[in-house]
Each structure stands twice: as C-alpha cells, then as structure tokens.
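Single chain ahead, by itself, as structure tokens, in the form predicted on its own.
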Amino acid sequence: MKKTDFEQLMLKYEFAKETLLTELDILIKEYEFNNDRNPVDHVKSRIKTKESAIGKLQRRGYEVNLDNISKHIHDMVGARIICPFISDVYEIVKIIKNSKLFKIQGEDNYIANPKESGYSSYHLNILVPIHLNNTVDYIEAEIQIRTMAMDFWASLDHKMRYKYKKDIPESIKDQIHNVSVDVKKLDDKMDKINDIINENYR
C-alpha cells in the first residue's frame, strides 16, 4: 500500500468529515431557528485510523488494500449525534433524511430493535459529496444518533468489553443487557415528562 495513495484517500475522508459536520451544523441550527429549541446536546466525529481499518479488513478476511478499505469499510468517516430525548433522535433522523446534500444508503433502527447485547442507537449510512481535483466524489459515512442515556450505556459497555480480554461470561452479559433495559425505561419516562412540560408549560 503506497503511502501517497493512502494519504490521498485519507484526505478524501477528511474532506467528507468536514462537509458532513458543516451540513449537520446548518441543519441543526435551522431546526433550532424554526422551533426555538435545540434537539442536540453535542456532536462527535472521527475518522478511523489506518491501523483500525487494516484490523477490520483482516478480521473480515479481506486483503489489505485501498480498494477494500473503500468497498468494505462503510464507517471510515463517522459522526455521533447525542440528543436529550428519544423524540429528538427521530427529529434528527428526519432532518438528515430531508437534507438535499446527503444520499441515504441505508439505516438501522437499533432503538426499536436493539442488538442482542442491549445496544440501542439509530444508524444512518450516507454518501457525502466532496470536491477534489475538479471532480465530485461521494464518500460513505455513518451517523449514529442516540440519547445521552444510550450513549452512557454504550460507552461503558465498550470499556468493559475492551478490558475483558477473555470471553465475557453469560451472567455478566445478562447483567449488562438488563442495564440497557433500565436505560430504555429511563429514556421513555423522561420523554413522557418532556411531553407533559411541552404541552402544559410552554
């Protein structure tokens, strides 16, 4: 893998990330202007490192080359949008889908259908246009939208699984899953309280 070729690919990912964040910022500010409220607590972003990309290809049995990074790693560019309430998550999903800049490639609603581990989030896979060398190229990116409670659970779950080098015992997996159920109940309660406040006190 030539360094210069990889650097050019990473430059495309960097442009895609900046374009993605700019468009998200515009969409969120426009929503806030029209609705007098901001449905987002904060936004995080990242580009996978070369080492992470190579490791992912190897785990999936692909040859390590630039073409396979482009074809088989769909989240080299990633953004995570953290919202206060579940209803905010769906509002953000809606405004992203209505963006004239992005092309929606796919979606996974892990809030309605959590993963076996208990993981909950809403994923959108999109194409982001970038302009390079007088051409327009479309770069894949993944957007994860979740509540603060979901993000709290996912972050701790990741840290615990990363620390545990062996297979996690089923009893521990069950406890982690049970906490995710509690998080879902908390999110639902807070959403209902928020609805009451919006209906009666605004």
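Counting begins at 1, following the sequence as shown. Since this is a predicted model, take the numbers as computed values, not measurements.
Quick note: we don't show the form predicted in complex with a small molecule, though the next part is all about it.
Proximity of residue 74 to the small molecule in the model of the complex, heavy atoms at 4.5 Å: Heavy-atom contact with the small molecule at 4.5 Å: present for residue 74.
If we define contact as a non-hydrogen atom of the residue within 4.5 angstroms of the partner, is residue 119 a contact of the small molecule in the model of the complex? The answer is yes: residue 119 has a heavy atom within 4.5 Å of the small molecule.
Report yes if any heavy atom of residue 173 sits within 4.5 Å of a heavy atom of the small molecule in the model of the complex; otherwise report no. Output for residue 173 is no: heavy atoms all beyond 4.5 Å of the small molecule.
Indicate whether the small molecule has at least one heavy atom within 4.5 Å of a heavy atom of residue 90 in the model of the complex. No, no contact at 4.5 Å.
Among 152-160, 37-45, 129-137, 24-32, which stretch sits within 4.5 Å of the small molecule in the model of the complex, heavy atoms only? So the stretch in question is 152-160.
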